[in-house]
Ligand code: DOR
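In C-alpha cells, one chain follows: the form predicted on its own.
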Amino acid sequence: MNKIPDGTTVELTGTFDGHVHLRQKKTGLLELTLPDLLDEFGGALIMCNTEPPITSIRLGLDYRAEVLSELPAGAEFDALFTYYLTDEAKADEIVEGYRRRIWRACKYMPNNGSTNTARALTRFRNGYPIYERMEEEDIPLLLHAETVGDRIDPFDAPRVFISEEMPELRKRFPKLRVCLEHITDGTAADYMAEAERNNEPTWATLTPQHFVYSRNRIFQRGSVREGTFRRGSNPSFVCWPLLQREEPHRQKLLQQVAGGNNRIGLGTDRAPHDFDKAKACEDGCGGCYPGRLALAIYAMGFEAIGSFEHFQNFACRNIPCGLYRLPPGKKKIRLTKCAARPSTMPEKIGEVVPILHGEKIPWREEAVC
C-alpha cells in the first residue's frame, strides 16, 4: 500500500461516469441518484433496464425527458442514454434512434441475470443479426458479460462469457465497438491487455468496488487495522458480476490500470435499491451504490497502486473520448488526501444503503469552479 501524504491534491477535468442506473421518478430513486451523480460527474451513460425497459424510440424519448426534467436550471451535464436489446429488437429502429442521438449504445444483459432483465435477449447469439447492423452503422455494443444459469458458478459467470462468447463475436464483427462493462477478473484483464496491444475496438469499465475490494467484502465490514472488523453478510456489496478473489483476479485488473491501459475507464455501475425491500431480503437485488464519494473510493485505489498519473485518463478520457468519441468534458473535481479529516459515507441515503456505509474514506472531494 503506497502512502500519499496528507494535503496531497489531485485535480480531474472532464469527469464522466460510463455506467449508471438512475431509475425512474415512479420508484422515488431518480430524485436521489441524479444529485449524487451531478456532484461528481459532468456526464454519464445512463442504462436502459427501466420498467418498462427502453426498447423503442418513444420510450427512449420519454425517459430522456424524465431525466432531463430533473436537472437543475443551467446545469451543464452530458446525459447519454442506451437501448435495451431483446429478441424482438428491430435494427431499423435502433439505427434511427442512434442517428437521432436518443441513445448512444445498445446494451446486452443476460436474461434474468440482473435487475429488470426478464425481457433481455434469451441467448447472446440471438443478437448476431443486430450486431451486424450495429457494426455497419458504428453503434457501440455494451456487454454485461456474464453467462448465467443454474449450472454456472456465479463467481465464474464472467470467465465463461469471455471464454465462450468473445472469440466468436470478434471473429464475426471485428470492427464493432464493444465495451465489457464492470470487468472483475483475470480473464477480463488478460483480454483487455490483448485488446490494447492489437488496437482492437474493445473497451471496459471498472467499478469502484471491483477496483478496490475483493469478494471478502461481501462477507465482512470494517477492518482489523481500524478496530471495526465484523464478519457477516454485507448486502450493500452484492452486485452482478460478483466481486472476485484478490489473487489472481483483482491483482490482474490492478496491473492493467497501473500500466495505463487506455481501453479501461471509469464506470461506477451505481445501482440504487431500497435496502429493506429489495436488497436485504430473500430475493436480494444485486447493485452497489457509492453515494457522492465514488471518486474518493477510486482515489484510494490509485493511491494503493501508486499510479495517479493515469487517474485523469481513467476518469475523464478513456471511455467518453475513446469509446464514445466525445470532446473532453469541463467538470473539475479536486481530491485531497485527508486522513486526519476523512470523508464519511452516510449510513443511509434515503432508503438506499451505500457501500462503505458509516466508514471513513481518507479523501475529500470538492468541485472546482
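It should be emphasised that the depicted structure is a prediction, and the values quoted were computed from it without experimental measurement. In case it trips you up, residue 1 is the first one in the sequence shown, and so on.
Keep in mind that the form predicted in complex with the named molecule is not shown, yet the notes after this line are about it.
Student: Contact between residue 287 and the named molecule in the predicted complex at 4.5 Å, heavy atoms?
Tutor: Because a heavy atom of residue 287 falls inside 4.5 Å of the named molecule in the predicted complex, the answer is yes.
Student: Indicate whether the named molecule has at least one heavy atom within 4.5 Å of a heavy atom of residue 188 in the predicted complex.
Tutor: No - in the predicted complex, heavy atoms of residue 188 and the named molecule never come within 4.5 Å of each other.
Student: Given that the named molecule is not shown alongside this chain, does residue 249 nevertheless sit within 4.5 Å of it in the predicted complex, heavy atom to heavy atom?
Tutor: Contact with the named molecule, no.
Student: Is there any non-hydrogen atom of residue 114 lying within 4.5 Å of the named molecule in the predicted complex?
Tutor: Although the named molecule is absent here, residue 114 would touch it in the predicted complex, with heavy atoms inside 4.5 Å.
Student: Want to guess which of 250-258, 264-272, 290-298, 197-205 is within 4.5 Å of the named molecule in the predicted complex, heavy atoms only?
Tutor: Correct option: 264-272.
Student: Work out which of 157, 239, 102, 134 lies within 4.5 Å of the named molecule in the predicted complex, going by heavy atoms.
Tutor: The residue from 157, 239, 102, 134 that makes the contact is 239.
Student: Enumerate the residues of 22-58 that have a non-hydrogen atom within 4.5 Å of the named molecule in the predicted complex, in sequence order, or give none.
Tutor: Residues within 4.5 Å: 23, 49.
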